[in-house]
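Listed next as structure tokens is one chain, alone, in the form predicted on its own.
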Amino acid sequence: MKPDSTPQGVVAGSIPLFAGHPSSDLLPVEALQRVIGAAWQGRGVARFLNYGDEQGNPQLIEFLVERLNRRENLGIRRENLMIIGGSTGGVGMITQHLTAPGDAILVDAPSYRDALHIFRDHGLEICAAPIDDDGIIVAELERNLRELKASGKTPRFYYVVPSFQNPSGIIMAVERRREVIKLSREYRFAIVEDDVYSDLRFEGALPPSFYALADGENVLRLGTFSKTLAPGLRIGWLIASAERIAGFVESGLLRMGGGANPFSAAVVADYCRSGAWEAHIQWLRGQYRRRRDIALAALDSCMPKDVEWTRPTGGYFIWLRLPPSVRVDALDARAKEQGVYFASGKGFFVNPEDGAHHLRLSFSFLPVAELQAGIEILGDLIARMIA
């Protein structure tokens, strides 16, 4: 691995199994260089260096609307989509606009840890319901809703990564999605659908999105180029009702600073319209599937029988459950001594202690040899701790 590709805070030469990033060798560097060069030499380059349209690059919006309608028959129009600074920027923007300090929101347990960080930054009451292999346990979600209603509170939204969830890698079943939509209409909360991994499907079919199942009613769906192109471009998109999009576009932040990353958005628009993005996604699926297969084979061969893990059919992540005798903090300390870093499960729960026997492994970032070696080291450490 190149020294400059080691994640921040990790010693060079170590094995960072925690990094939910695309590896440097999977970034389409040469293709993007050609597109950037062409954009730089074009007659209209000056407009890409100025403030951009508040809604985002028009050509990229047009491309995404056509693609989503063609693939999913969503029936969206230009006014239903805006360009944002990656899905992280979208989560922050939605939280800022839809909530105030003290408001309640709903999440899965576990849920994406950086989203939890954003929600805590905004002073929100975060109510979590557990998941199983089919997604959120609807009875537990409904229990949370009844308790909030009894206390006089209405949650502002339910945040969910429904396909190849971060951290578990699971897919929420279509029946669960429909049940959540029913509850959202009964209890009048929005659904924030962080749909960043759905293009990285290795096998099988995905259920329709929340946005499709709800006909767009009170659903805000996020997408990004970070997982399938390059995270440093900081470009994503948001689909919602025309009224919601107009509200975001008219915000003081966008009125003052313009749309998201105009130059990056112009480059991405040219790249996508050339057909290169679709071809790159197809190639990425094969690359990530191979790494997923290597990771699962290593887990099968070296993990003690008391350890359990998910078997994702796409995305970046595998979620492990440790036996009761092995706490993740102790394993983390021993693994770091061996140069292996993983994501502790404690960061993915509202109550950190709920993750005391869990951890997340990412297979997206490492070369195959390091991926396998890191899992073998973890298996040996866990076996020793059990013994």
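From a predicted model like this one, the values you see are computed outputs, not experimental measurements. Start at 1 and count along the sequence shown; that's the residue number.
Not pictured, yet referred to below: the form predicted in complex with a small molecule.
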So the small molecule isn't shown here. In the predicted complex, which residue out of Ser198, Ser264, Ser226, Ser209 has a non-hydrogen atom within 4.5 Å of it?
Ser226
Assert contact residue (the small molecule, in the predicted complex, non-hydrogen atom within 4.5 Å, options Val219, Val161, Ala295, Ile83) equals Val161
Based on heavy atom distances of at most 4.5 Å to the small molecule in the predicted complex, which listed stretch, 268 to 276, 95 to 103, 147 to 155, 188 to 196, is the contact stretch?
188 to 196
Residue-level contact is defined here as any heavy atom of the residue lying within 4.5 Å of the small molecule in the predicted complex; does Ser184 satisfy this criterion?
no
Looking in the predicted complex, any heavy atom of Tyr112 within 4.5 Å of the small molecule?
yes
Even though the partner isn't displayed, in the predicted complex is Arg176 close enough to the small molecule, meaning a heavy atom within 4.5 Å?
no
Taking heavy atoms only, is Arg244 within 4.5 angstroms of the small molecule in the predicted complex?
no
